[in-house]
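Below you'll find only one chain, the form predicted on its own, shown as structure tokens.
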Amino acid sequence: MKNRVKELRIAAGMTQQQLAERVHVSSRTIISLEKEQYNPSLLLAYRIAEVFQTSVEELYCLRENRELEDRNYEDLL
């Protein structure tokens, strides 16, 4: 799922390890999130959004991801 984790982390001057420690996960989890290879739990998404003072919707580009999923679904019909 497309997200802005890396963009916001870099803008905040944080390392992956620093972000991981703030949200109680491993740096490997942050790496996987940034590579869009892992979708977080709702609680983890919320914690990350809090760190960057944004919403989960904005952090995870939910409108854009929903529109993409809708287009993919429509293509199957």
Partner chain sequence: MKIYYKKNFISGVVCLLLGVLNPLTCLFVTGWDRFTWKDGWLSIALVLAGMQMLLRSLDPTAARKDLTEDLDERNRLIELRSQAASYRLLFRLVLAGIVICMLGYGISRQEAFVHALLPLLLLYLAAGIARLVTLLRYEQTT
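Computed from a prediction, not measured in an experiment: that's the story for all the values here. Numbering follows the first chain given and starts at 1.
Omitted here: the form predicted in complex with the partner chain. The next part is about that form.
Novice: Residue-level contact is defined here as any heavy atom of the residue lying within 4.5 Å of the partner chain in the predicted complex; does Val25 satisfy this criterion?
Specialist: Residue-level check for Val25: yes, a contact with the partner chain.
Novice: Is Tyr46 part of the interface with the partner chain in the predicted complex - any heavy atom within 4.5 Å?
Specialist: Tyr46 lies outside the contact set for the partner chain.
Novice: If we check the partner chain in the predicted complex, which of the residues in 32-49 reach within 4.5 angstroms of it by a non-hydrogen atom?
Specialist: Heavy-atom contacts to the partner chain in the predicted complex: Ser32, Tyr38, Pro40, Ser41, Leu44.
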